[in-house]
Ligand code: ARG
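Coming up is one lone chain in structure tokens, specifically the form predicted alone.
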Amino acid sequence: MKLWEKGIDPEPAIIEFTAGKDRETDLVLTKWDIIGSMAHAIMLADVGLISDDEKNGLLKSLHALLKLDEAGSLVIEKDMEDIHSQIEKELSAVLGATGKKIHTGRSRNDQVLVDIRLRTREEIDNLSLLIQRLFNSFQSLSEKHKEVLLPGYTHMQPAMVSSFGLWFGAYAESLADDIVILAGSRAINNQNPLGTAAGYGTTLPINRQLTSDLLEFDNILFNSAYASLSRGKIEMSVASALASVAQTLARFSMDICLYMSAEFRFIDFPDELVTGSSIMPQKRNPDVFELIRGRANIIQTLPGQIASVVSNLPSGYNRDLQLLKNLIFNAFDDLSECIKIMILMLDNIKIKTNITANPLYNTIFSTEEVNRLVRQGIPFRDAYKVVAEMVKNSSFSKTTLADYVHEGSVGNLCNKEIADLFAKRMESFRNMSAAELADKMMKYATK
């Protein structure tokens, strides 16, 4: 069944090509299509377009379909084009003519938009919790190993004294910024398109604010024409947030691969967490982090992929937009998998504790010596030249580490301040499940 059928049998090859992978994608949108329909039914009754009895029948049937979906028993039948058609068929089979009223005042365009925005909001909120777990891992390791010195590198050359506390803490704060971008994409996404129909509104007296409140949207997506125009912009915003998180993962993974190498050996992992070679017995390969790096790098191309699809589209709905769903939702899956496995690896990381005892790293203390001379009253540039000459003629010897007291330095990591910042930014996310929204609407309908 096609909701747009007009008595002419469409060519099967056309249907197969234009549907693409929509049937598979629609299955993961099912619960949100049901939730959106529940809010829509309540609103239709509230404005007098259906009776209270019809509303109650629709809500009861929709709630039953939600339970079927939770059990994995709701499927898209072979002759159904999409989940919207399937749900309308299920409602009509139980309620007759009442089931056909569920589409009153809306189009598949705004129906799909609601489904995507609700699913995207769920994915964003779930991802925020995973990022929080990874943030906590970085912070915990930063505190645990804050006294363990580490050579800090610039231009891939030993540069200054650092520490594992500073290194882990840097990636924690990177995630704190990533969360801001993710929260921004959530705010843009969390606007209600329901009621914009095919992009030009409806002559029916619908109440869009009511559906916004029921579905926990922050506000209405006001301009009906912008509803379809927003597709691509929403995905670009989300893609940018995912790419930002992916960059953090990729750069940390590169550090891990470098620090695990035989030339560095700053860190290691238990044997069961590394792989080997079929021919070289000595190999200990950081395959997990190489794959995280690769997959994260692919995710960083996502904004460009989205732009390639939407940048030259005219206003109004265009079928090209169908392609965006899998791009975004697959990226959520990939990023979540990478974060989960990274947390597992960090739970088992081994830190070498005497790295800077190696004479190779003596010169990373040269800036400390310059600063010691500065504190004795010698002008910085003169002190710099004195120490540079010592390094040049190999007479420089490792000195004691000067006190680091300023915010964000080796001796003052500010982990608590970063944790407070992260916690504040996490307030932008609310994890409300489909079941909770359904219960809220059932209570609203019976009050």
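The structure displayed is predicted, hence computed values, not measured ones. Residue positions are given as counts along the sequence shown, with the first one as 1.
Another form, the form predicted in complex with arginine (ARG), is not on view; read the next lines as being about it.
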item	value
Contact segment among 76 to 84, 245 to 253, 147 to 155, 262 to 270, judged by heavy atoms lying within 4.5 Å of arginine (ARG) in the model of the complex	76 to 84
Listed residue (375, 283, 350, 319) with a non-hydrogen atom within 4.5 angstroms of arginine (ARG) in the model of the complex	319
Proximity to arginine (ARG) in the model of the complex, single hit among 179, 112, 331, 194 (heavy atom within 4.5 Å)	112
Non-hydrogen atom within 4.5 Å of arginine (ARG) in the model of the complex for each of 108, 231 and 325	yes
